[in-house]
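Shown here is one chain on its own, the form predicted alone, set out as structure tokens.
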Amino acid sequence: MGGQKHVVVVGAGPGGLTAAMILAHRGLRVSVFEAAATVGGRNAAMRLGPYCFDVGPTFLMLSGILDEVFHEAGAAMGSLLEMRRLDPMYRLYYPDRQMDISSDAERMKQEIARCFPGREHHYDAFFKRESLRFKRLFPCLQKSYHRLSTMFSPDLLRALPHLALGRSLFDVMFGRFGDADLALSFTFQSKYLGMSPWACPGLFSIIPYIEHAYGILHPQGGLSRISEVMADVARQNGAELHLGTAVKQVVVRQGRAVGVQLADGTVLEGDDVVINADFGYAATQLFAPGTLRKYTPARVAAKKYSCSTFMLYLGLDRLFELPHHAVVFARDYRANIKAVFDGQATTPDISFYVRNASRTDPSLAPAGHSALYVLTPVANLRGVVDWSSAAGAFREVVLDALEQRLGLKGLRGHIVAERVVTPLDWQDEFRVYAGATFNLAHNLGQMIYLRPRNKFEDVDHCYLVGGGTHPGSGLPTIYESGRIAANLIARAHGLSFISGNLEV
């Protein structure tokens, strides 16, 4: 029976590819439709001549989940991807000092002692307390919350004392270390969710813990290689991938998804539909008007969304002396973050992130050259900036900051290839609702049961994967969303399977 069922996947991002390769391995017929000419979505590769960049994610954490989903698709990650562990994981640039962040506890304590004398003894307490929080919370992230009863599961009830309710991530970490600047090194990770440290729920202190406990890896060739390898595994398992083939609409009859209509008008039927598109875009563009009852356009618009990002992808004809990952704090970091999340106009005092992967991965640029990835958090399209006219001037602001804060003197003269991506580009080219790069915000009112569910509550036989559904943004959780959806579908069709996550 399983081999006769047909699952249609809309979008070849990391969540859709995870579901596709697992379901195909379990004997289902799987068809993946991707509007772009390449796989990966926001986890795709961007090529500018001989230079290669990741479009979006550049940090790989909690790689054990990735190892598990490959195993459940009948493949061995270790033989398909060459991973490099980064230590230091990244360098932080304060206005008055620099700090290398390591996943080696002794090195980390030495670095805290150097930069914040007398605070190093707090590190062991941080690690011990957050390891317990992670132990209690992680099983909750692996569940599917398509049933209200899951909210009363023993795991979630045991996790309640560890949710840090009423406290922000900054509150938790300032309380842990007692120094505002040091707390920033354990709270800027809220940017991975597109949130402010002063608004991000305190429970997300598990993110810096994950970094320090499990480290950060870099796949040679970039993180986009993961999606490319996933696509290869899906094909080997029998899935069909149709690139450059956009889906116009999910076909719904009597409240049930029965297939998709392609942009050229072709209708393909399926027993289940998995949606890997940006959630806001999918809810407002991929269903006929009136189909969705809960997620009407007005209700989608009323949701809270992440910030956006201004991107520079720079092919340079030289190498600069930079770490693999560099995070630069604005001189007035809190004012900068407030401006971003209040939707205010940009200022020259910016925070930004740079990946200089050519330092450790020579495959991304010609010898002696480098592929520099620059990300600056900015307001999403609900802010006041008109990016159709502001992009050029803000590019100069970012280049000035790179020269002044990182010492990249003469940078402009070494740019031989370049791509700029603004919030408007995220919306128009990448189909990201409101240009909110990290999707729906992760406030407590938009998490677990209150987030769009993996088994979509508005349409039967329709499943959601990606950052806009549970468990949320970030590659490990997006892979988990794909596995949750795959397990729900397999179980619905009576298939037997072995999974590292049976919480469906």
Ligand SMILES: Cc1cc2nc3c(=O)[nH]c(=O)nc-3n(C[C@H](O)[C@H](O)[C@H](O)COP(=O)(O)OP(=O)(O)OC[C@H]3O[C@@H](n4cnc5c(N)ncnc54)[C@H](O)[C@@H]3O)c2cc1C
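This one's a predicted model, so the numbers in the text were calculated from it and none came from an experiment. The first residue of the shown sequence is 1; numbering continues from there.
Here the subject shifts to the form predicted in complex with the ligand, a form of this protein not shown in this document.
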Examine L424 and determine whether its closest non-hydrogen atom to the ligand in the model of the complex is within 4.5 angstroms.
no
Looking in the model of the complex, any heavy atom of T309 within 4.5 Å of the ligand?
yes
Given that the partner is absent here, does A24 sit within 4.5 Å of the ligand in the model of the complex, heavy atoms only?
no
Would you classify A288 as touching the ligand in the model of the complex, given a 4.5 Å non-hydrogen atom cut-off?
no
If you check in the model of the complex, do G11, F59 and N276 all have a non-hydrogen atom within 4.5 Å of the ligand?
yes
Counting only non-hydrogen atoms, the one stretch of 393-401, 135-143, 370-378, 293-301 within 4.5 angstroms of the ligand in the model of the complex is 370-378
Sole residue of F70, F456, F438, Y51 within 4.5 Å of the ligand in the model of the complex, by heavy atom:
F438
Please pick, from M447, A35, M46, I65, the one residue with any non-hydrogen atom lying within 4.5 angstroms of the ligand in the model of the complex.
A35
In the model of the complex: members of 451-481 within 4.5 Å of the ligand, any heavy atom:
G466, G467, S473, G474, L475, P476, I478
